[in-house]
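Given next, in structure tokens, is a single chain: the form predicted alone.
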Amino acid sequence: MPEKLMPNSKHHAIVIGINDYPLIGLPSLKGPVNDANDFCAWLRDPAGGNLPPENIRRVLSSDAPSGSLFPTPNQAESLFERFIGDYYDGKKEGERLYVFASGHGFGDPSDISKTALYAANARKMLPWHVAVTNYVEWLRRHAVFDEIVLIMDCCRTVNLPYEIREPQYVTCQESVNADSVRYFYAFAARRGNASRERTFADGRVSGIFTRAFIDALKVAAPDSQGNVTGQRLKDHLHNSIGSFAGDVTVKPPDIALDSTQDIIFCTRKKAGVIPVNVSLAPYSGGETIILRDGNFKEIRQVRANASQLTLELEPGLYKIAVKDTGRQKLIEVPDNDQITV
């Protein structure tokens, strides 16, 4: 019987998902609440974040009382208040904080680092919003947690009149431990760009980035020690997000981390090798196959002595190319075990 893992009681999460914006003229969305629920499911999963349910605090527009605009900035920002209040009381909060936000968002015109989520009661002349990155940076500067993971699946377009307001917290002297706080900040869109959602094969609408991110959490290849690190997630996402976009054009996500003190998201054993059957069409005789990993770093070259050959590969992303030709293919193992190149 497999060993039962104890929940990560020192890990906490804040999750925000907003679909509807009836007053500001922005179109309603279908993905953010699904995104938030999917991320909460990963957080609770013993094979994922393994958080106890009481450590996950969330606000979703689907929870709105009938006829109300929910959440407002105060309702969403109240999720951060406990951690800030505990800091003032001298309490060390925990090891890791996840912050997930999905909905319509925007970037600050004067500060490239700031991104906010519009609140449900936002209006054109009163663009109420949740200053997500301001709160996250406050918690990081004051070392309230040892690690902070931020995921924002929203647009980061810039509208000159709309500035992100500083929340009404007191700024204390920066903690001497601020530089040691490990962080992983992942944005679906780069500054000035839009994020996208679409209907997937299961019939559900999701943010393309959120779908790709949760998949990466589950399947990204671990390092030699069996650790799925922030860098591993970043590499996997940059190479896989196109396969989640379908017919939608998306640009690479914006992911920031400190590689010298990377976060370990989970630990899992490396899976055994899987046979991948490669067919060469056309085949002239003696072609050389170049195998590269998900970072396009060459792993090895294999000489083909027939029109078909088998490569034994661990799960992960690979690029297979025929040397001195333009023939190449990006594959993900184990999903692609029969390919033609």
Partner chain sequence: MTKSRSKRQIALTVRAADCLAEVFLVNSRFERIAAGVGSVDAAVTPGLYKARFRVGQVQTDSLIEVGADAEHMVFEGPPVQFDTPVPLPQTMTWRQEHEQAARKESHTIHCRLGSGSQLFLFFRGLAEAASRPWLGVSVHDLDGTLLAGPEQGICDERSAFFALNLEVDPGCYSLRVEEEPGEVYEIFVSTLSGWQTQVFALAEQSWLPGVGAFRAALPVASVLTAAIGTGFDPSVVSVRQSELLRLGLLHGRNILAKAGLDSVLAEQPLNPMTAVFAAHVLLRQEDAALTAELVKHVDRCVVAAMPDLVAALPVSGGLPVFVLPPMLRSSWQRIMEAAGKEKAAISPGSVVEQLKDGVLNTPLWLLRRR
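None of these values were measured; they are calculated from a predicted model. C-alpha atoms forming the largest set that superposes within 1.5 Å between two forms make up the rigid core. Numbering follows the first chain given and starts at 1.
The next section is about a form of this same protein that is not shown, the form predicted together with the partner chain.
Only one of the listed residues (R204, K251, R82, R165) places a non-hydrogen atom within 4.5 angstroms of the partner chain in the predicted bound form, and that residue is K251. Think of it this way: in the predicted bound form, the partner chain has a heavy atom of just one of T133, N239, T229, N121 within 4.5 Å, and the residue is N239. Using a 4.5 angstroms limit between non-hydrogen atoms, F296 touches the partner chain in the predicted bound form.
Under a 4.5 angstroms non-hydrogen atom cutoff, the partner chain in the predicted bound form has L330 among its neighbouring residues. Among heavy atoms of N159, some come within 4.5 Å of the partner chain in the predicted bound form.
The partner chain in the predicted bound form comes within 4.5 Å of no heavy atom belonging to G49. For the partner chain in the predicted bound form, the listed stretch (178 to 186, 84 to 92, 251 to 259, 143 to 151) containing residues with heavy atoms inside 4.5 Å is 251 to 259. Highlighted residues P7, P32 and R211: none comes within 4.5 Å of the partner chain in the predicted bound form, counting any heavy atom. Taking the partner chain as positioned in the predicted bound form, the residues of 288 to 326 that bring a heavy atom within 4.5 Å of it are, in sequence order, D293, G294, N295, F296, P315, G316, L317, Y318, K319. Core-superposed comparison between the shown form and the other one: the C-alpha position of R292 differs by no less than 2 Å. Once you line up the core between the shown form and the other one, the Cα of Y318 ends up 2 Å or more from where it was. Core-superposed comparison between the shown form and the other one: the CA of I24 stays below a 2 Å shift. Between K329 and E197, the C-alpha separation grows by 3 Å or more in the predicted bound form, relative to the conformation displayed.
Note: the CA-CA distance for L313 and S243 contracts in the predicted bound form relative to this form, by 3 angstroms or more.
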